[in-house]
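Consider the single chain below, provided in structure tokens and representing the form predicted alone.
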Amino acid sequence: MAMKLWLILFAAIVFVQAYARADVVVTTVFNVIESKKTETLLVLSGVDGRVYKTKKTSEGLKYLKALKGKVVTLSYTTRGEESHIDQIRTVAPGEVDTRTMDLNHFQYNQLREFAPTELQSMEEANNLFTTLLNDGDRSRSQCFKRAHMWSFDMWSKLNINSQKMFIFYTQRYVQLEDFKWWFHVAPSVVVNGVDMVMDGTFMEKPMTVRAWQNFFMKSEKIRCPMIENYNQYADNQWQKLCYTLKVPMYYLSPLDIENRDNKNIQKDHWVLEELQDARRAFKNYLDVYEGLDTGKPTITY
């Protein structure tokens, strides 16, 4: 009898081990949802599309919500078709290869490293320029919204990471010229190490930064120094007539740059609500960008 009981116990242990399997995954936390069916928190994984479960507590909810968009190491146990969280923590710097974690471009990713795509020829740049949507009616939109959609199109359709090139006109220049704008922006791409501005509204082809500046400053003598920080423009309104500043494609407006430099609010992702608004820069936006509709009222940025 004792031998029979031992065999039953051994078989049960083997069955449980086969039924419950422990494992580890490195992933981004896409979202955290409270179950309406059970007292469970559901963690949506970006790397594999799986939903990982854990018991619902107020402390756990607060902790997991703070992990949204971050890269984590998640230890879990699989029971049947369900995956239950044993432990979850943010990864340490250098712990994972950041290239494998670029999963969701509509959420902040603390490890995402932006690198502009380098084109190999001007022919390639010229061909790219012709793809920029341009309905010829710049009066209906602002430059920063057109630039945002051009950058998004290059990224989403052609897998090209562009940058934004801003010209900031100083208070001195606005005063001298009675100027109606205080900045202008267009996407730029790198061609064999050289920045080329893709301003589809005002230009007929890609232009060097210098030629682009000359067009808007209406002079070849005025130089717009390249700066790295928004405050170099904001704090120096009487030293120069203009400045140029280059940022990754995700930055929509000067406010984004100011928040980056003064509040350390980084943008390394697309914001769906911003795209929903910016798409209105073009006449047929409802058809062309139907997939960007959030189903909510459009917020104007």
Partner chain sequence: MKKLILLSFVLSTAATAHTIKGTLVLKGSLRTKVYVRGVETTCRVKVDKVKNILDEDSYGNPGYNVAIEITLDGRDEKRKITIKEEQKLNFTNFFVVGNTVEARDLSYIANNGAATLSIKEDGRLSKIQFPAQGQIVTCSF
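Please read these numbers as outputs of a predicted model, since none were measured by experiment. Positions refer to the first chain, counted from 1.
Another form, the form predicted together with the partner chain, is not on view; read the next lines as being about it.
J.: Considering non-hydrogen atoms and a 4.5 Å limit, which listed residue (Ala92, Ala115, Leu158, Leu176) is close to the partner chain in the predicted complex?
T.: When the partner chain is considered in the predicted complex, the option within 4.5 Å is Leu176.
J.: Exactly one of Ile85, Val96, Met217, Met203 has a non-hydrogen atom within 4.5 Å of the partner chain in the predicted complex; which residue is it?
T.: The residue from Ile85, Val96, Met217, Met203 that makes the contact is Met217.
J.: Would Ile222 show up as a contact with the partner chain in the predicted complex if we use heavy atoms at 4.5 Å?
T.: The answer is yes: Ile222 has a heavy atom within 4.5 Å of the partner chain.
J.: Using heavy atoms and a 4.5 Å limit, would one call Arg172 a contact residue for the partner chain in the predicted complex?
T.: Result yes; Arg172 sits at the interface with the partner chain in the predicted complex.
J.: Even though the partner isn't displayed, in the predicted complex is Lys240 close enough to the partner chain, meaning a heavy atom within 4.5 Å?
T.: Because a heavy atom of Lys240 falls inside 4.5 Å of the partner chain in the predicted complex, the answer is yes.
J.: Only one of 266-274, 55-63, 232-240, 28-36 gets a heavy atom within 4.5 Å of the partner chain in the predicted complex; which is it?
T.: It is 232-240 that comes within 4.5 Å of the partner.
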